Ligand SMILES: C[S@@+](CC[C@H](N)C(=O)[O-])C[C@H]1O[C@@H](n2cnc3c(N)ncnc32)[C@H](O)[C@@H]1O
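Okay, here we've got a single chain as C-alpha cells, the form predicted alone, with questions on binding and movement later.
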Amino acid sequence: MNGDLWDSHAGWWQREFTDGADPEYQEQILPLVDELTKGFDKILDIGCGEGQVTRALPSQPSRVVGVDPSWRQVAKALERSTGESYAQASAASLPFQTGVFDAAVACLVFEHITEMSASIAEVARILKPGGRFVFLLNHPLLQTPGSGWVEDYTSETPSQYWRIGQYLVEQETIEEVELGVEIPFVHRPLSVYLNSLADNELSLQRMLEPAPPEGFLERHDAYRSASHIPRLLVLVCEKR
C-alpha cells in the first residue's frame, strides 16, 4: 500500500467515507462486519484507516486493535477511539506474536496492497487455529480497471450493460477518484486471492456478493439501473 498517497489524501477519506458520510459503509459494510465477527474475542482490523470498522467490531474495545500504514489515519483513529488500540504498521509486517488473534478483518484494503502474498501470510500467522478472517474486497471482476456501466443508444434498440475490463491481467494503477485525489489500486483475478488464502491454510467457509444498498442506489439514476451488479465481495475464511 502506498502510505504516502494515503497520508496525502487522509482528509478526503475521512470526509467522504467515515463518520456516517457513506451509505455503503453505514447500510452494508459495518453491519456485515458486525455480524461476521460476533462471538470472536480478540480482533485485528488490518488497514483500519481512521478506525470506523474497528470501532464497529462487536468485541470489547480493549480486545480490538487496528493497524494502518498512514500515520494521519492512525492519528485520527486514536482521536476517535472508544477504547480500541491503534498502531502504524504495514499489512505485510504485522507487529504481533504468532497466533494471538481470534479474528482479523481487512475491509477494502487488499486492492491497494502490492505485497499481497506476504500480507495474507501475515494474516494467517497472527490468527489462532480456528480463527476467522473476514476479507472484504471491491469485487475483482466488476471493479476491474476499464469496467463500468454503459448505456448504449447507438442502435435502434438501446442497451444497458456492465462492461468488464481486462479481468485476467494483474495490473497496478493510480486512479483519480476525485479532482486532485489520486489513489493506488492493484487489480488481481479472484483466483489469485483464493489460491493465496489456500496456500496459507485459510480455508473459504462462505462467500457473499450483496447487491448495493439502497442509500447508494439513491445517489444516481445510473446506480439504480445497475442495482443487479454487486460492488462488494466478502470472503469468510477459517485458519486451519
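One rule holds for the numbers: they count along the sequence shown, beginning at 1. Computed from a predicted model, the values in this text were never measured in an experiment.
Form predicted together with the ligand: not shown, discussed below.
- Although the partner is absent here, residue 91 sits close enough that one of its heavy atoms falls within 4.5 Å of the ligand in the predicted bound form.
- Taking the partner from the other structure, the ligand in the predicted bound form has no heavy atom within 4.5 Å of any heavy atom of residue 164.
- Remark: residue 132 does not count among the residues lining the ligand in the predicted bound form, judged by a heavy atom distance of 4.5 Å or less.
- When contacts are judged by a 4.5 Å heavy atom cut-off, residue 100 does not count as touching the ligand in the predicted bound form.
- The partner is absent here, but in the predicted bound form a heavy atom of 113, alone among 113, 124, 142, 137, sits within 4.5 Å of the ligand.
- This chain lacks the partner; the member of 87, 118, 108, 75 within 4.5 angstroms of the ligand in the predicted bound form by a non-hydrogen atom is 108.
- Remark: of stretches 202-210, 173-181, 46-54, 188-196, the one touching the ligand in the predicted bound form is 46-54 (heavy atom within 4.5 Å).
- Candidate site formed by 6, 25 and 69: every one of these residues places a non-hydrogen atom within 4.5 angstroms of the ligand in the predicted bound form.
- Annotation for 210-227: no interface residues with the ligand in the predicted bound form [heavy atom within 4.5 Å].
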